[in-house]
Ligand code: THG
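Shown next as structure tokens: one chain only, the form predicted alone.
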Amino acid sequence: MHTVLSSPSKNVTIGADQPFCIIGERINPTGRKKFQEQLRSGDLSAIETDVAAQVAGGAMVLDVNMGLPLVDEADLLARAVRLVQSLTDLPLCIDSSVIEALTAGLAAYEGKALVNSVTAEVERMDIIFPLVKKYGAAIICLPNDEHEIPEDPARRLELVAVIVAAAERHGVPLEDVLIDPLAMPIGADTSLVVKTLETIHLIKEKYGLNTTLGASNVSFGMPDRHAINATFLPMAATVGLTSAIMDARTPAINTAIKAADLLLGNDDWGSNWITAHRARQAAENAASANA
């Protein structure tokens, strides 16, 4: 099953037979005090740096989140979407829990966006899915509802069934539904990542849907987080994970993902692996020459 996202001049296809899709997470004010202050003053200039760094790091889609107290999020998100689209041809993921902001972001976007996100709460899906349908977008859905964030993979799969039924009811094609299998921090319970992997496998086997998750959630609270994430994502790719929202600026994780693509047969003739290797060599040689 293929999920195709687009900008006016570029398509990105997410699927089990495609290169793993890196969704850059950096355009987000969470935990960034200086960026928050800039946004409150209406200054979006830092986004230019964020876009450039993520594109250079190998992002294929960019997540745009303007969730911040005491701002007009709808206006800010629409402005950010237009700015990012003026800087790159990568498709975007419109990220907000506020309906008005999602609407404004989707209305400003040119192309087929990804929406982040909706839970399996029926009332919530009955609001978000018509919006997704109207703008021809794809959407990330989480298998938790108003009652629980389940640990049991079988229960998560039951909630995926609720999501699938809602998508079909609202006329959203299943190829445009990505499931977030709920990546929980291994620092809280060392069995949780195995449950996430099992959930991904079950979703792939029963529905064949594309999947995504917040990669940094897995290593939260642990030291050497990059090493954990760089190990986890290739493991998850082997059981069906097809994309992840992550920091595209992290070389160790990007290299691990490209290696997984190569070994899983999703990098024809190793071209992406070789191109990335040559780029690293060129950068190292340039750095040495300027030292």
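Numbering starts at 1 and runs along the sequence shown. Quick caveat, the model's predicted, so the values are computed rather than measured.
Keep in mind that the form predicted together with the named molecule is missing from the display, and what follows is about it.
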Of these, Ile128, Ala113, Ile140, Ile163, which has a heavy atom no more than 4.5 Å from the named molecule in the predicted bound form? Ile140
Give me the residue from Asn217, Thr103, Gln85, Thr119 that has a heavy atom within 4.5 Å of the named molecule in the predicted bound form. Asn217
Heavy atom of Asn28 within 4.5 Å of the named molecule in the predicted bound form: yes
So in the predicted bound form, does any heavy atom of Ile257 sit within 4.5 Å of the named molecule? no
I'd like to know whether Ile245 contacts the named molecule in the predicted bound form, with contact meaning heavy atoms within 4.5 angstroms. yes
Considering only heavy atoms, tell me if Arg32 and the named molecule come within 4.5 Å of each other in the predicted bound form. yes
Partner absent here, but in the predicted bound form, which of 185-193, 105-113, 209-217, 166-174 has residues with a heavy atom within 4.5 Å of the named molecule? 209-217
Taking the named molecule in the predicted bound form, which residues of 90-105 have any heavy atom within 4.5 Å of it? Asp95
